[in-house]
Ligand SMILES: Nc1ncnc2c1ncn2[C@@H]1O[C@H](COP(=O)(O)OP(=O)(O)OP(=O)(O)O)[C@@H](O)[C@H]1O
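Form predicted on its own, single chain, as structure tokens, below.
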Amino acid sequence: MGAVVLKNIEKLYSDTIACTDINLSINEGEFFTFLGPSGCGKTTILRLIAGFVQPSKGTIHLGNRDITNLEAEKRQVGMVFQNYALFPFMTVAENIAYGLKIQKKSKQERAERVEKYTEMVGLSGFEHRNISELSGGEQQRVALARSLAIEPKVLLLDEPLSNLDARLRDRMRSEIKSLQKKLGITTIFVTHDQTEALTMSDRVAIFEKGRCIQIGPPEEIYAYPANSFVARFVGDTNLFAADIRNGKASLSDNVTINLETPAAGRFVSIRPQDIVFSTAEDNRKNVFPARVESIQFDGISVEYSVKVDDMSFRLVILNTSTFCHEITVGADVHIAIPGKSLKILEN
């Protein structure tokens, strides 16, 4: 049995289904991410695991122990909230020691763990500071240290990086992942940010409207989305309804793409980085004349929106050569769409 196992979990609020038919097995030491849009049920499931709410149906196991009806403080689960939920009238040390007081640890053991975990999260020397004197990143570290200090079997992170600026968020992603691997603690991370999910996770569960749609390693989720929702939500894509038959995908009367292998489905997904600029003389299959509608430059890459007949495609290329700057809005170009880049989706 995994470190955390959810069986047939459902949670209702009156007549509203927050989540349903949830079956998950999270491995010991795994960094497992719940990814989905706001309102999809991911935080509800996290709170069910923490014991803050009770399921309407199903069971939750921590190792071989059924914790479905166990009080939150007895579950050996630590949680870092989106707003950190720190006590503003306490010092850093007092915040970190709070859970240890609830556990009735001795004063000496509390002091030892406060020292251990303030050092671990890079806050040595901050023990006597007030929470109001800390930056957002420092408060995030206090919240993390407080959850780790009780030495839980499972760490739950509910969008803990969403209040940080972009550069600090990038650094904290790396620090949390490094710390998690060092401690070997089973971690469940909730986010709606695909970059966080893809860069931090061992496995990802995608949620939509209270249901788990797909589970797998980030590379698998990205390369082989289960449906059109996953294809759109995890990474950028060009998504089209298509008539697929005889090894070809017809997106319109004038745009038909030859496939590498025959496939069945009703939609095609094409990642923007898989489409490339070409020339009229290119002998490859799937080369189409196009006109550049817009250009978006972000430093590392350049995104183009091009129109083939009445269909718009987005393509992205790395900003590695002067070629990027030779293409202007309104220019007539050709694009090539490799048949192997198409992901055929049923729904």
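What you are looking at is a predicted structure, and each value in this text was computed from that prediction instead of being measured. Counting begins at 1, following the sequence as shown.
Absent from the display: the form predicted together with the named molecule. The rest refers to it.
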Worksheet item: Is Thr328 close enough to the named molecule in the predicted complex to count, meaning some heavy atom within 4.5 Å?
Response: no
Worksheet item: Within a 4.5 Å heavy atom cut-off, is Thr43 in contact with the named molecule in the predicted complex?
Response: yes
Worksheet item: Any chance Glu196 has a heavy atom within 4.5 Å of the named molecule in the predicted complex?
Response: no
Worksheet entry | the named molecule contact at Asn163 in the predicted complex, heavy atom, 4.5 Å | no
Worksheet item: Out of the stretches listed (30 to 38, 292 to 300, 310 to 318, 57 to 65), which one is close to the named molecule in the predicted complex, meaning heavy atoms within 4.5 Å?
Response: 30 to 38
Response to the item:
In this chain shown alone, the residue from Arg173, His192, Lys153, Arg211 with a heavy atom within 4.5 Å of the named molecule in the predicted complex is His192
Response to the item:
Heavy atom within 4.5 Å of the named molecule in the predicted complex, from candidates Thr91, Asn227, Asn258, Gln82, belongs to Gln82
Worksheet item: Though the partner is not shown here, which residues of 135 to 168 have a heavy atom within 4.5 Å of the named molecule in the predicted complex?
Response: Glu159
